[in-house]
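Next comes just one chain, in structure tokens: the form predicted alone.
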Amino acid sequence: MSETASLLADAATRLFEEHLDEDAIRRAAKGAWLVDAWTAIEAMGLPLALLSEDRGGFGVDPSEALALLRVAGFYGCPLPVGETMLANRVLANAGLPLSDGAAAIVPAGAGAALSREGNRWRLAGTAARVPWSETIGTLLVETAGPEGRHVVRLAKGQWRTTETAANVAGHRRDTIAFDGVVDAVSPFNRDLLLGSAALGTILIAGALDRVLELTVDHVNERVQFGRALAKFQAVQHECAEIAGEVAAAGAAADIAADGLGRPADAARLAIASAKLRAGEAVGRAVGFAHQLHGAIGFTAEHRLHLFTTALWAWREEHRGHGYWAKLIGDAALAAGPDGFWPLVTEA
């Protein structure tokens, strides 16, 4: 890590420590937008972290910029930091205006269609599970149709919320509709679903770091039969299991970050594998963490609950755990016996 990246990570840690305390996370879990936290995130420049310095970004290696998202995950950040980072990178590369405030992303295949209307474009459709649809300022919509793949930038007022809902963590995930003539359109040769899944993997790795910390603290503080829980060999074994899953998720996050810099075809299997492995780590690590916390960890009052519900929600976003498992399985079957090992080693 460069000196600049280290300073940025320290600054991000201080920011999230100040603005994402337990009370803030609980308010977000009830559907509240954390105004002060987002203002601080914008003031630090995190939404522009993936841009070069001449475009207003940090000018660091993308992997170092993405490490800031892992810090956000460690603090259970419910705000669309990663989505806005990715949206701004795509918008900048497409020559479109950057996001006005927080952004959300609608990948291709989600229910949006782009068509010609004279010499202009019309975008129509719906999208589900859009984060904080009534608060964000920009929506980046990807379409894939007869005229190719495009991205469209929608400004606030160009969509309407048709149904408000929340994920299992309580964070707003709404259904929206849009239908109108649009100007901010650009051809696109990437895949926003892959990018979103990569960022989600990094966020998961950060939150799992926190689950491990909470669990180790608990077993060291909790006394049973006159001894700290951490003194029992069975407890040590389960803590080691959690640590192993956290390490695997961290490796998956590194693979996902690397995949963002690859061409879409080369990135697909790498990011799919990373997303799937991080999702598996969620299931195993959270299970052990709750077993070691006992009944108290399941209560809404305990802070472990805030992180495990967020992890369950993040695991199922970006088409869900099953989607990526099927993608990998289909690739393995298509490769056949002779192509399976090269498929694995090239990913």
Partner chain sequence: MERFTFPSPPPSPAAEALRAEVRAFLAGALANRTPLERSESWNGFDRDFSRKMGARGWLGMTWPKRYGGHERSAFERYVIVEETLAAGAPVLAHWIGDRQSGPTLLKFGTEEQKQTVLPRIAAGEAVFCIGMSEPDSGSDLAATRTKAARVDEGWRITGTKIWTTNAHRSNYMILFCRTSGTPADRHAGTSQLLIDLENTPGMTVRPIIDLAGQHHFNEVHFEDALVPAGALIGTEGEGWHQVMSELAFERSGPERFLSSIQLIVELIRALQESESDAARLAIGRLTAHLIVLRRLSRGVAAMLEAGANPSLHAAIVKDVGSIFEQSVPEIARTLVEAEPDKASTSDFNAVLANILLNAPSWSLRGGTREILRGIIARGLGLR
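Residue numbers count along the first chain shown, from 1. Take the two forms, find the largest set of C-alpha atoms that superpose within 1.5 Å, and that set is the rigid core. None of these values were measured; they are calculated from a predicted model.
The discussion below concerns the form predicted together with the partner chain, not included here.
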Is the gap between P97 and the partner chain in the predicted complex 4.5 Å or less for some heavy atom pair? no
Residue-level question: is H321 within 4.5 Å of the partner chain in the predicted complex, judged on heavy atoms? yes
Partner contact for R129 in the predicted complex: the partner chain, 4.5 angstroms, heavy atom: no
Just to confirm, E64 within 4.5 Å of the partner chain in the predicted complex by heavy atoms? no
Would you confirm whether the three residues D21, K30 and S52 all fall within 4.5 Å of the partner chain in the predicted complex, going by non-hydrogen atoms? no
Answer with one of A252, A72, V90, V106: the residue that has a non-hydrogen atom within 4.5 Å of the partner chain in the predicted complex. A252
Selected contact from C239, L260, A110, A169, since only one has a non-hydrogen atom within 4.5 angstroms of the partner chain in the predicted complex: C239
Counting only non-hydrogen atoms, the one stretch of 131-139, 146-154, 241-249, 175-183 within 4.5 angstroms of the partner chain in the predicted complex is 241-249
Pull the contact list for 203-241: residues with a heavy atom within 4.5 Å of the partner chain in the predicted complex, in sequence order. D209, L212, E213, V216, V219, N220, A230, K231, Q236, H237, C239, A240, E241
Using the rigid core as the reference frame, would you say E22 shifts its C-alpha by 2 Å or more between the shown form and the other one? no
